[in-house]
Structures are given as structure tokens and as C-alpha cells.
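A lone chain, given as C-alpha cells: the form predicted alone.
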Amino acid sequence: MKYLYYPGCSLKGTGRAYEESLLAVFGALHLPLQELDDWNCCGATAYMAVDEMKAFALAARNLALAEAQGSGNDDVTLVVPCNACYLVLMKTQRYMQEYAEVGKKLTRILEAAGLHYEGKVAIRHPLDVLVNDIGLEHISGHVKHSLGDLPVAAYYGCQMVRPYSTFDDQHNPMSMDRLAKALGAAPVDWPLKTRCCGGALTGTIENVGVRLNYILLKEAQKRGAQVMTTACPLCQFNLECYQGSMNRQYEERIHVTPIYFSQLMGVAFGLSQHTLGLHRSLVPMPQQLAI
């Protein structure tokens, strides 16, 4: 199967380590990702707040490009790592299919740009591909570095399984937990795995955003987690960059290392920290992640 890859804006910027580690582990599994040609912003965040149809148009253009690039295949798989991008692309495709007026308007917009979309693209999160296409047994067979039952809290964020729970449970997702266990880590049972991190609030109403992240990290640490695995560049940024602020504000000693699930995979596969972008981390890592 051929997998196209839509990085989105964040993985080329603040989420660079996510792209580095994801491409590295997919390469180690002999499953190369082909980047979508001429992709554009998915339309998330500000666009949805300003003009939803313009956001849909941006997302629809990416879907049309993917369908064209996968020409000749009945099914085109587009791997989308960023949770926000994943949600917006899924929502756009659903709206085009379920709301006739939206579909007609977006079809006209695409035609004006010389594009067409027939709905053949399967939008997949990399966790979905890893767990359900590659398989945990196969992934476990690539483990070369022991994680020593490292306590890991899997944090999914609020967008991966809501409202479209296409590959995992909406209320208690387990794909990242199962992946961590297959890698030799010890998933921590905790209740906040889909609670919102506050998103862009840390940049607009910082005290509110910091508190939301503090609640997540404090609970994870209370449950014994040393590491929190993420799948969203914005969640990762918030959980990592504001630990100093929350420790000063709440007079706490929060120390949980947020890393992308793909970085945890890469460590278990024996890949170098530089290859996985771990040298960019701001929070010191447990000994089990030192390779």
C-alpha cells in the first residue's frame, strides 16, 4: 500500500521533532511516506474561527491534491500526524459527503482552481496505520533498546478521537497505550488522556492555559508517569514549554518528560537521539531514554 504524508505547518516548524522521528521510525519499518506535493495549511485554528468555508476550502484542496497524486489507485491513504490537521481534514470530507450545499460549494471552489475531488482519500492517523496495518507484534520485533518498563502516560488530546472515533474508543482510547507496551514501556492508567490542554490559550490567556496543562502533568506524575507521550504538536509544546511557569506559579515540582510517541518508538528501535529530534527537548529525559 502506498502512503501519502501530509505534514501540515507545525511539523515543519515547532513540531519538527515529530516529523523527524515519525519519518525515521516509518523508515525503520520499511514503510516510507511520500510527502504530498504542493500541500497547504489545513485551515485549522484561526481560519475556523474567522470563516469556516474558507477553512474547508483549504482542507479540500489538500484532499484533491492527494487524490490526484494517488491517481490510478481506487483508495488513496493520506497519513496525517497533527491532531488538528487530522480533525479538520476529516471534518471537511464528512461535510462534503453529508451536507449537499457544502459539497457543491467546495466543488465549485476546487474547479475554479483546476481541481476535483471524488472522496477517494482515506485520512489516517499514523497511530492507526502503526497499530492496525503494521501491527504491534511486528513493531515489537524491531525493539533493540530496552525501555525497562518505563512508566508512560499516553496523552491523546481532545481532537484525535472526538468527534470522529474512526480507529479508537472515543472515551478511553488505547492505541498509544498498547503501542507503548509493545515497545517495552509500562502504560500508566490515568483518567485525563483525552482532556484538552487548552490549545492556543497559553498564547492568549496564559494563566488559564498553564493551569490546564498543570492539571494534566500533575495527575500523570501522581500516577507514577515519568514520560508523557503525545501526538499533537500544540499539546507537546504546551506540556513541555510551560513546566517552569507552572512550577513557579503553583510552587510544585512537576517533572514529566513529554515526547512524541514516535520518539518513544525510535528510542526502542535503537535510533539516535539526534535522528529522533530528542536533542530539541527542553525537559531532561529519564535514563531509559538515553541511547
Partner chain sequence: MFQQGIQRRIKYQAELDGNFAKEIASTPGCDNLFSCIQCGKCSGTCPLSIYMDFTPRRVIAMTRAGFKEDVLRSQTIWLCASCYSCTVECPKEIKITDVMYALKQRAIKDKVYPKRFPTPVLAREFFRSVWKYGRNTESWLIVRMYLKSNPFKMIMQGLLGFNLWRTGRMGLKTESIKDRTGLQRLLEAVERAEQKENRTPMGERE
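No experiment lies behind these values; they were computed from the predicted model shown. Numbering follows the first chain given and starts at 1.
The same protein also exists as the form predicted in complex with the partner chain; that form is not shown, yet it is the one meant from here on.
With a 4.5 Å cutoff on heavy atoms, residue 206 counts as touching the partner chain in the predicted bound form. Proximity of residue 266 to the partner chain in the predicted bound form falls outside the 4.5 Å heavy atom cutoff.
Contact check for residue 196: a heavy atom falls within 4.5 Å of the partner chain in the predicted bound form. Not displayed here, the partner chain is kept clear of residue 272 by more than 4.5 Å at the level of heavy atoms in the predicted bound form. 113 is the sole member of 113, 143, 136, 186 with a non-hydrogen atom within 4.5 Å of the partner chain in the predicted bound form. Partner contacts here mean any heavy atom within 4.5 Å of the partner chain in the predicted bound form, and among 127-135, 172-180, 145-153, 207-215 they occur only in 207-215. Highlighted residues 52, 87 and 102: every one comes within 4.5 Å of the partner chain in the predicted bound form, counting any heavy atom. Residues of 121-160 that come within 4.5 Å of the partner chain in the predicted bound form, judged by any heavy atom, are 158, 159 in sequence order.
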